[in-house]
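Two forms, one chain: they're shown below as structure tokens, one block per form, named structure 1 and structure 2.
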Structure 1
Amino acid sequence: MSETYSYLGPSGTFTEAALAQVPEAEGKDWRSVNNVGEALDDVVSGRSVAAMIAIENSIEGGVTATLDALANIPGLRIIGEYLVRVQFVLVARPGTTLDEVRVVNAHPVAYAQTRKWLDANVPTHGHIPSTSNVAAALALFENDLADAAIAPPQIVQHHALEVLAENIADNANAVTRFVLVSKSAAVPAPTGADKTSIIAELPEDRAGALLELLEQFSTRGVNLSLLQSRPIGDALGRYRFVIDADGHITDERVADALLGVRRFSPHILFLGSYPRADKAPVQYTARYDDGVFLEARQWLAALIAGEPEA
């Protein structure tokens, strides 16, 4: 039986472009799904060995549907991350010209990221929200309510659409971060350019609680690249925090920080340690080298054993 990978479809999405970066997925079956919940259910049920899902956007921040799903579905691990540059094109049915565009189909996020271009180039346009970037384009074939759509550039590789304008995103540096999620409990080996993701709850709603959580990392020289709060849902003021820490769980400084969080937090969920998409080596000062932690542990062991101090 062939291995299957799930992704938010249909063909032509940014998620598919992220999955195309996974060497292990090449030549395997790819299953198009409608939402994050369906993608993760494929993994939990065993229909797929892994699922590619969006977790963070450089403009919009964390993807709340993904963060909440990871917090509430046990047994999932992030095994890799991938970056896709967010580019948009304005597409239309063949024969349509830009000056004929009056109404535009667009996913609300895509619309927000191209609004300045649309206001400058199609100043009197109307907007019809769509459920996805690809759905916005495909709706042009289903009805004539809109004249054009905001879509990913790769859409024209799959559907007979005409590009009216390219590179219409207001921020040319926008990037979406995707993660590959599986049920594998095995942690990938450290590379020196790694990231560790956890979800932790505060013990109580009081002044200084969040600071105490963050101090578990700062006092060990561990930098955080993502800190996103999400409501737990059981009461007002109760939050869990999605945290991305620079480093691998086998790094002494990261391991020690996680032990501190484990002692502090009533509930901590380890999402995985995995290679960074940008392959940038993790930077930290020498006083947080593995050897420093190991020497301190040996010093304590010697004191407990009653050995004379050197």
Structure 2
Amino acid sequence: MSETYSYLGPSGTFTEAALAQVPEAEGKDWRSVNNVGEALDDVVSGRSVAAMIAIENSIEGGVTATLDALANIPGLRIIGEYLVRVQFVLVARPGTTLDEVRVVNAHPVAYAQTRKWLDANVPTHGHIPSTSNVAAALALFENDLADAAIAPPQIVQHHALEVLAENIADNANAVTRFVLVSKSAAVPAPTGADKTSIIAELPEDRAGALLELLEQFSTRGVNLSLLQSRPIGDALGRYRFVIDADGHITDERVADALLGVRRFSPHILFLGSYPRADKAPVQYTARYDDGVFLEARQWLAALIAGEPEA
């Protein structure tokens, strides 16, 4: 059986563009799904070897459906990170003019990224959420509930739609970050430009608990690139934290920080260590180098063995 990769479809989504960056997926079966849960379920059930899912947008922030699914579905690993520049156009059935637009189909994350433009140019619009950017546009052919859709610019190359407005994103440089997720597997070897993702809960509701969580990283010289709280869901005011740390789990400072979180947090989930999309080498101060940790451990072993101190 050929290997299958799941992605949010239909064909033409930014998620598909992210999957196109994965050399291992080239020439394999690509399965278009309707939501993140379905994509991850494909991985859990073994229907697909991996799924590409959006995790963060530079304007809208964390994709909550993804962060919550990763927290709640056991046995998954992030094995890669990919960036896609996102741009949007407003499209409609041929013949529609902008002043006729009352209702807009849009994926919620795309909608959030184009709100300023919509508020300025279609101030009284209503919004129908879609499962993806391409699905938003294709729904215009299936029913007339909406007059226009927010879609990727390439949509008009494949479908008979008219562009009513270009570059409608609130930030022309918006980027969405995607991750490739597989079943739990051994972590790939470090590249020197890696990221480690975890989700951790705080021990109890007390002053300084979050600070203590963050100290696990700061005292080992580990920089964080993402800290996002998500409600655990069982009671008001209870949160878990999604954390991206610079470095690889086999880096001594990262491993030591994770051990610290493990001792402190009632629930820690390791999501993976994987190469950063921007390939930027991890920066850290020399005193947190692997060699310094190893030397300290050797010193301890020597003390225990009764060797005289150098």
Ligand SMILES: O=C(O)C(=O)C[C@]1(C(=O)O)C=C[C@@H](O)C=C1
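Start at 1 and count along the sequence of structure 1; that gives the residue numbers used here. Keep in mind that this is a model prediction, so the values were computed, not measured. The term rigid core refers to the most C-alpha atoms you can superpose between the two forms while keeping them within 1.5 Å.
Form assignment for the chain places structure 1 as the one matching the criterion, namely the form predicted alone.
Relative to the superposed core, Ala149 undergoes a C-alpha shift of no less than 2 Å between structure 1 and structure 2. When the rigid core is held fixed, the Cα atom of Lys116 travels 2 angstroms or more between structure 1 and structure 2. Domain rotation between structure 1 and structure 2, with the chain taken as two rigid parts and C-alpha atoms superposed, amounts to 21 degrees for the smaller part. After superposing on the rigid core, the C-alpha of Val89 is displaced by 2.4 Å between structure 1 and structure 2.
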